[in-house]
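In C-alpha cells, the next block holds one chain alone, the form predicted on its own.
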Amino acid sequence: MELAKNLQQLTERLNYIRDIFGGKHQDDINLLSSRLEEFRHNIETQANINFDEGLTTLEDLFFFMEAKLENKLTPMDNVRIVRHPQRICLRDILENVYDNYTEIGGQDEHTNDPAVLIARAYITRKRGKKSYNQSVMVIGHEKGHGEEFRNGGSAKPWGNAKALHYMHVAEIEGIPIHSYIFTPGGDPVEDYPGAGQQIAKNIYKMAGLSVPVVALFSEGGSGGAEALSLADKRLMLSHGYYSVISPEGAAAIEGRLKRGERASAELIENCAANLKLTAKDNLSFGYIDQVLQEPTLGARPYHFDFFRTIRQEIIRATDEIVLNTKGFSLFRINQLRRLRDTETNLDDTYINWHLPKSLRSDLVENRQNKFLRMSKGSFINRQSMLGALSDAWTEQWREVYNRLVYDFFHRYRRTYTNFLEEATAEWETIKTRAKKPFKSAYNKVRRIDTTAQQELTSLSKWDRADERGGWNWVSTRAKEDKSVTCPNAKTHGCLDLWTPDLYNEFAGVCTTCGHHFSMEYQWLMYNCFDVNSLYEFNSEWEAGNPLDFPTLDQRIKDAQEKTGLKSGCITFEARIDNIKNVVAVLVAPFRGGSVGAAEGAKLISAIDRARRKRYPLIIYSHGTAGIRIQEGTHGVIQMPRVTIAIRRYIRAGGLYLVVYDTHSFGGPVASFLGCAHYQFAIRSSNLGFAGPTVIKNTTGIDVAPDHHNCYKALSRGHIHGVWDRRDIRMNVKQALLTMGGRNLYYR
C-alpha cells in the first residue's frame, strides 16, 4: 500500500514537471518517465529485486533531475509554476501557517466572490511559559487546486469590496492584516461598483490603513494584485511573478494580434523574459522587500517545512513593522537584531502587535513615503542641476509661505469672520422682525407696478447665440474641405457635416444628435483656461526604457517626434477667470496616453505642487490605454504611488477634479483617476477597467458596443456627470466655485 502511494506521488511529480516546462527538456523528462515505467513494470511482474532500494534510487533520480531543471527555469516556466493546480494556495497557508482560523464573508461557492478568501486567524507565541494568541485578519486570493468556480483567483469588484470591508474591520479592532496575492489580474466586470472603480477605492483606502499590513506575492498580475498589496512589507515567493500584464497579454499586444488569434509560444517566452517579472527582478527594483526561497520547482502542499518558513517570515515582517513604528531605543534595537537572526525561533519570541493610536499616523506616513520613493530613477530627467536647485528652493519657500498664510493667519481670521457673520445674521433677523409691521402697512397703501412684478416673477431667457464659435484654439482638421458622416446617422437621421464647421464652430459636436467627435488635447487646454495663462513645468522629464525592452526606445522616439512631447503627460498651471489651478493632461497620441515612470513622476510632482500652493488639481484624461506594459512593474507601481500622493492632497484639503475624454482604460482608471471624489466625462467618451478586446481575450465574452459608454459609467456611479464639450469652461468654473476641500484652495 505504501509502495503504491509513493509511486502515485512520483507520477504526479513527473506530470508536474511536464506541465511547467511546456514540452522543453524532453531528454531529461523521458529519462524519468522510462525509469518510472521500468520500476512499475518490475512491481507488476514481481521481479526478484529489492523494491525499497529501487524506490530510493528512483526518488534520488527525481531529486537530482529536479535540481538540474531548477537551474534551467525561464521566467515563463515560473509563470506556469504559480498557475499549476499543485501550487500551494491560500487555504493551504491557513491550514499550515496559522494555529487556528475561521473563514468569514462566505465559504467556497457560497459567497459573493469565491476568488477572495477572508479569515480571522491567530498565531500562538510564547514568552517563557506564557502563551499569547496574536490575532490577524487574513485576506487574499484563493485559486483552490483547480476549482473552476474560483475564477482562477481573479477577483470581481464585489470581492475586492468585501476585502476592503474587512480591512476596515481589522483597523477598528487594531489587528494586523496579512494579505496573500494569488491572482493573474482582476476580473474586468463593469457592473456596479465597477472593476476599476473598486480597485481604485482599495488602493486609496489601503494607503491610509492604520494597522500593520504584510503582503505575500505568489502571482501578482496588474491592478488585481494592487487591490490587496499596498503594504508596509512586501514578501515574494522565489518562483512567483509580479507584472503589469500577463506574458500572454503582452504577446497579444506586441504581436498586434486580432481578436481570437493566439500568440506563438516563442513570443510569449520572449515577452515573459523582457517584462522582468521574477522575484529576483522585483527585489532588485525595490518593489518587494524580501524573497522567500521555495523548494525545488516550486512549493506544493506536501512541502511542510516551507510552511514553517512562511510562518517565520510573516511573523518577522509584522514584528519589524511594529518595532520600526514605535521608534528606536536600545531595547528595540536589540529586538530587531534578534529578529534578523534567521536562527531565532520567533514562536518563542513574543512582541506585542498592538499599536497605540498615537503611533498609527507614523505607520501610515512610513508606508506612504516608502512607495513615493520607488521608481525615481526609472525615467530620464534632462533638467539642469541649477534648474533643479531653483525649483527645490522655490518649493520650500512656497511651503513656508503657505503654512504661515493658511495654517496660521487664515485659521484665526476664519474664527473672527465666523463670529462676525453669526452676529450680523442675528442683527439682520432682529431688524426684519422690527420692520415687519410697518412694511405690511406700507404695502397695503402703495401702488404696485405690475410690469415690474411680472419681470421679477417670470423666467429669464438664455440666448446662447453669442456663444457659438469664437474658440481660442481650432483643430487643424477644420482646414480640410470634406464632409463627415455622424456614427448615429442611421438611427438619428443626422445630416452630413462639413469639416470646417464641425471642427471649428461646432467644436466637434454633431448638430443633430449631439455626438462628440474626438478632438485634440489642445482644444481643452486653450479653450477651457484663460488666454496666455498656461505655465508648463517639468517639461524636461522624459519617458525612458528602464527594462531595456526591445524596440521601445525607437517607439518612444517616434512618439516624441509625432507629438513634440517628451512623455505622455503634460503638467502646467493655468487660470479660469483668474482662479489658479494645477493641471495634468494624459495625452492620447503619445503611446496611447499610457502611464510609465516618467508620467507617474510628473503626476506626483504636479499633485505636490498643488498641495504646496493650495491650488485646485485637475487631471484631464484626453485618453489613456492604461499602464505602459513595456515598463513592467516600473509602470504598475505608479498606481499606488500616484494614489498615495492624491490621498495626501485630498486629506490636506485639496479639491481634485477628473475629466475623461475619448477612451480611458486600465491602471490609471483603477487607481489615481478612479479614486477622485469628483469625476466627469465628456459626452461620447468611453471608460472602464479593460477594453473590449482585453475582455474578450480574458473572459471570452463579447461586450455590447455601449458597454463602456460614459452614460453607463454614470449609471454605475463611477462618474458624477456628463458634460458637453462646448460647456467645459463654464462647467469647470462652476465646479471650482461649488466644490472644495477643507481649505477651499480655490478661494
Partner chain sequence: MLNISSILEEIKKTPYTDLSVRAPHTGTLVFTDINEGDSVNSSSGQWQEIPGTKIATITREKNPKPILATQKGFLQKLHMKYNNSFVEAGVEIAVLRHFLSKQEVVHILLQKALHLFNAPERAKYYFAPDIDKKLKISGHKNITVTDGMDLFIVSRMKREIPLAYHGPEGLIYEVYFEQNQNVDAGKPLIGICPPDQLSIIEDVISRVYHEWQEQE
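Residue numbers count along the first chain shown, from 1. Please read all numbers here as calculations on a predicted model, not as lab measurements.
The same protein also exists as the form predicted in complex with the partner chain; that form is not shown, yet it is the one meant from here on.
Checked against the partner chain in the model of the complex, the candidates 482, 130, 337, 433 yield a single residue with a heavy atom inside 4.5 Å, and that residue is 482. Taking 52, 702, 38, 44 one by one, only a single residue has any non-hydrogen atom within 4.5 Å of the partner chain in the model of the complex, and it is 702. Considering the partner chain in the model of the complex, the lone stretch of 131-139, 483-491, 205-213, 243-251 in range is 483-491 [heavy atom distance within 4.5 Å]. Under a 4.5 angstroms non-hydrogen atom cutoff, the partner chain in the model of the complex lacks residue 266 among its neighbouring residues.
Although the partner is absent from this view, residue 422 stays clear of the partner chain in the model of the complex, with no non-hydrogen atom inside 4.5 angstroms. The closest non-hydrogen atom of residue 496 lies within 4.5 Å of the partner chain in the model of the complex.
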